Each structure stands twice: as C-alpha cells, then as structure tokens.
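Next up, structure tokens for two forms of one chain, structure 1 and then structure 2.
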Structure 1
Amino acid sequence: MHTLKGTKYAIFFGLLPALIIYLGIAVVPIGMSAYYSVMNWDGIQPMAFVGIDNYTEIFKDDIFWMTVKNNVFIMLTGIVGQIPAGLFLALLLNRKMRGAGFFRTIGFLPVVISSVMVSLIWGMVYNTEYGMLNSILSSIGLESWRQNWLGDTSWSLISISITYIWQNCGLFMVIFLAALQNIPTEVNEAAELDGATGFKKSMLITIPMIRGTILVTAVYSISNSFRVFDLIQIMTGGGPAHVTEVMTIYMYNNAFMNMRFGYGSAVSVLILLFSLIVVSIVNRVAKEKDA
C-alpha cells in the first residue's frame, strides 16, 4: 500500500510497545493460569506438579457447585431482567416525545457509577435496621414484609440480582435505542400503511428488525454475568453460608485468602471455559434459528 522507506521497521516499532504490554500482562497470564492450575502452590514454597488433582478436587467441592448454580442464577435473572426491560424502555422512548432525553439520562446513570458505589449504596438500601427498603415497607403498613435482605439465605441472592439488574438495565436500554433509531423510517411507514401499529408493529416489525442486536446483547449479558465480583464481594462477601458466592469470589478466596494459587488458577481456567462455552452455545442456537 505504501512505498515509504523503512516502513517495515516502522510497523514493527509502532506495534511493539502496545504488543509487549498487551501480551505480557493480558495474554501470557492466561497460559500461566493454565500452567499454575496443574500445580500445588502457595506462592512461596516451590511448586509441585499435581496433574488434574486441583480440578478433581474442585469438582468434588459442593461449594464450587453452589457457586456455579449462583452464576447461572445471576445469568438467567440478568437475561430475563435486563433484556426485556431494556427493550421495553427503548420501545417506549423511541418516539418523538417530551422528556425522552431526560429519561434516557436518568436511565443510564447507574451504568456510569462504579460497581463499588452501587454496592455500597444498595448495601444501605438493604440495611435491616435503617435501610430504605425496610423503612418504606414499614411506612406503608407492610411491617411483616421486612426482611434481612442481604443476611437471609433465601433473599440474599435475589437482592443481589435486583441490584445487578438495576445497575445494567440502562445500558441495554441505550443499546436497543441506538438499534431502533437505525431502522429506516420507510420500514415504519410501510408497516403503518399496512395497518400495523403499536404493540403489533413492535412484535412483528420492530423487534425482528433488531434481532441481531438482541443476540449481541444476550451474549454480552451472559459473559458479563460470569465476571460479577465487586457487587457481591462488597455487599455480602459471598455469604451468608456461601449462598451468594460466585465463581470469581470462590477463586479470589481460595487464591488470596487461603493462599492456594494452583487451586485458584484452576478455578479461573474454569471461569474462562464456562463463559466461552455458554457464549458459543448461544451463538450456535441463534445461527440455527436464522437458517
């Protein structure tokens, strides 16, 4: 393409700094994780090769399977909560109306705030004694509905999922809004001439038109759900009795609290595999449906 002198070297030296940092800190460690995962290692003593022992121990650990179950719960509530809600809000906002910008601004706000702040704020909302949620329930006469939202084993994971949905809903809303605004106006006009309006138009015309976006957001929502850490670490630390513990927390606790770096690495390899597998399943299912 170019006939500049010394271009080869220029390309090399131009890409080199980014590549070194990227490979050294983001790519090589993946291989290192795989290597550590077959070792017994506390980070100080010499490593000892143990083959797949870490993996067999993980698979025998009931707590690990609980974390998998919790990840699946967050994944499902995430998909069910974020995508339809985001889509519905986008459909409502995708019209000429007063205040559309205002609602969009407010809707997106939680996305910008750090997970740490979201967790801290919601930790206070759920606070048993003085929390907003229990206070509201008391003030409207539903005293008996008060709960220890984060401390009660039957509520804590649900409470976390609600916060998780609250945090991300706005992102899905604006992604769908962007997709809806890309639909050519002729399509809408043609649909209306054919007598399709409102709900019918949404179901038959608009939603199928943005099917690709819906798929991408589904994949995004899934891979995101495997990365949840801050929210849970800060709100419950994975408790009570591991009922809100997810794989990332399990990995963190084993590696950095119990100093089992080999074992923790095996968990992190599994996190990577799980999320890749689920994402590729979704992709395949979606492709089959298209064919």
Structure 2
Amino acid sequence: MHTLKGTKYAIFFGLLPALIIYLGIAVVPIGMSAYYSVMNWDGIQPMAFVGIDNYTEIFKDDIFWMTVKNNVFIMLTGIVGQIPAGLFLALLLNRKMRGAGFFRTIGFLPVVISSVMVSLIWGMVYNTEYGMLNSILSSIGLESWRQNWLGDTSWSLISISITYIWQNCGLFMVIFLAALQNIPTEVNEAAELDGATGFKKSMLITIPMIRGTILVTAVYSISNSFRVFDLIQIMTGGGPAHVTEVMTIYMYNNAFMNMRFGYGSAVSVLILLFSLIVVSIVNRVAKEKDA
C-alpha cells in the first residue's frame, strides 16, 4: 500500500509541469476570452460590461453566418478530400515497391512547408495571367475554361479548399501508414489464403482494422478546419465579397483591425463551441455504430 501511494505521488509530480503548462496556454486563455466576450473594450479605454450584447450582435450579422457556412464547406471538403486521399496514398505506399521512401517524403512535403509558402505557390498556380493552371488549360485547347480562380466568387472557395486538401493530406497519409504497418502480418496472410486480395482485401480487412484511426483523423480534420486562418488570409484575405472568409478571419478583423476585442473574443468563444459540438456529434455517431 505504501509503495502504491508513493507511485501515485511520483506520477502526480511528474505530470505537474505539463499540467501547469497546459493550464497556462489553453485553459487560462479560454477563460480570459470568455471574460472579454461580455465586455465592450477597444484595448485602450476601460472595459465596460455589456452582458450578451456581443453575442446578440454576432447572431444578427449576416457576414458571420456566411463565415460559418464557409467553415462548414472547408470542414466537409477536408473530410471528403483529405482522409480518402491520405488513405489511398497510405495503401499505395504500404506495398512493397521501389522508391517507397522517396514517395513518402514527397507526399509528406506539403505538411512541413509553411502556410505562407503554400499560399504563395498556389497563388502563382491560380494566377489569372501567368498561372500554371490557366496555362495548361490554354495549351490543351480549353481556353474557355480559364478562370479568375481566386477572384471569382464561384471558384474562390473551391480553389482554397483544393489547396487546403493538398497541404494536409500528407499528414493523414503518414498516420494511416503507421496504422497499416501495425496490422499483424498473420491477418494479411490469412486474408490472402481466403482469396481476399487487392481492392477486396482493402475494403473487407484492412480499412475495418484501422477504423479507430480513421475516426481520430476525422475528429482532427474537423477541429483543424475551424482553426484555418493563415492560408486563406494570405491567398484572398477572405474576399472577394467575404465568400472565402471564415470565422477566424472574421474574429481577427473585428478584434485587431476594428479594435473590438470584446466582440472578437465572443467570436472566438463561438468557434470553440462550434468545434466541440461538431466533434461531439461525430463521436456520438461513431459510438452508435460501434454499439
């Protein structure tokens, strides 16, 4: 009993530094944002308590609801694009093939490139005058398909989503690859003896065995989509006409450009709540399917 109590104390003191850091960089800022969200404050004058007025004003703002819709679009395209693409690449590179290490590095490369570089690269790809995409379309006789990819309200959010998928699918590839390599060899051998090979084996054996990993990546993809900021801010700044503006940019513009820190804090609280609600729904649906 004495030894067990000593072990508990050792674990507690071992975790204490990490707990203090977590509270300092995560919990305390959230609490401060919640406090500022009920204040009217420009960062200079004394704060004034306004209750839920900031939230009421946000809910009446059509631009805010447009940013919510854009976030949902980014979230859905992220789930539909990043996870299948990452899984496909992982299944492909999990096979014995020459140069697998090289292709894994190439696949993961967009993840380690900064968002600034990704934005500049894809900004040049989408450029109306000299962009690679329009040049390719012209060279194959599809001149009429040329677009102002980032300046057209019909195409700008789609163009952003494609860049977002490209930037992150390498991370999902690595996660899936690690999960695939943890599947026991005996399982694969037994499946092949039963005649399950190729696509059939992937659908019936491999993918069900990494279902837990797929769920974790889905939750990560959702939470990540609500935090996207720098990519869009650099590529379009939320334009044209707010069609690519997401909640984080809306918060930034109000808090730091318009000097409305209380209003911006209220938006940040709503971003947190929306993320928690969507992630909770996904976890609940997954548990019901497991039951």
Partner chain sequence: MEKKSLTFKVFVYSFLSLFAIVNVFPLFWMVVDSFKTEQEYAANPFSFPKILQFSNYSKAWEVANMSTYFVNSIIITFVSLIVTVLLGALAAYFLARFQFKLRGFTYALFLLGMLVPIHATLIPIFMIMKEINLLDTHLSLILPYTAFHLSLTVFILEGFMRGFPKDLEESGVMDGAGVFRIFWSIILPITRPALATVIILNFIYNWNEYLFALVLLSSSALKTLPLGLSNFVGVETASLTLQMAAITIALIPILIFYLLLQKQLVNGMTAGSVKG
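A quick note: this is a predicted structure, and the numbers were derived from the prediction, not measured. Note that the rigid core is defined as the largest set of C-alphas that superpose within 1.5 Å between two forms. Residue positions are counted from 1 along structure 1's sequence.
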query	finding
Answer for which single form is the form predicted alone	2
Leu16 CA shift between the two structures in angstrom, with the core used for superposition	7.7
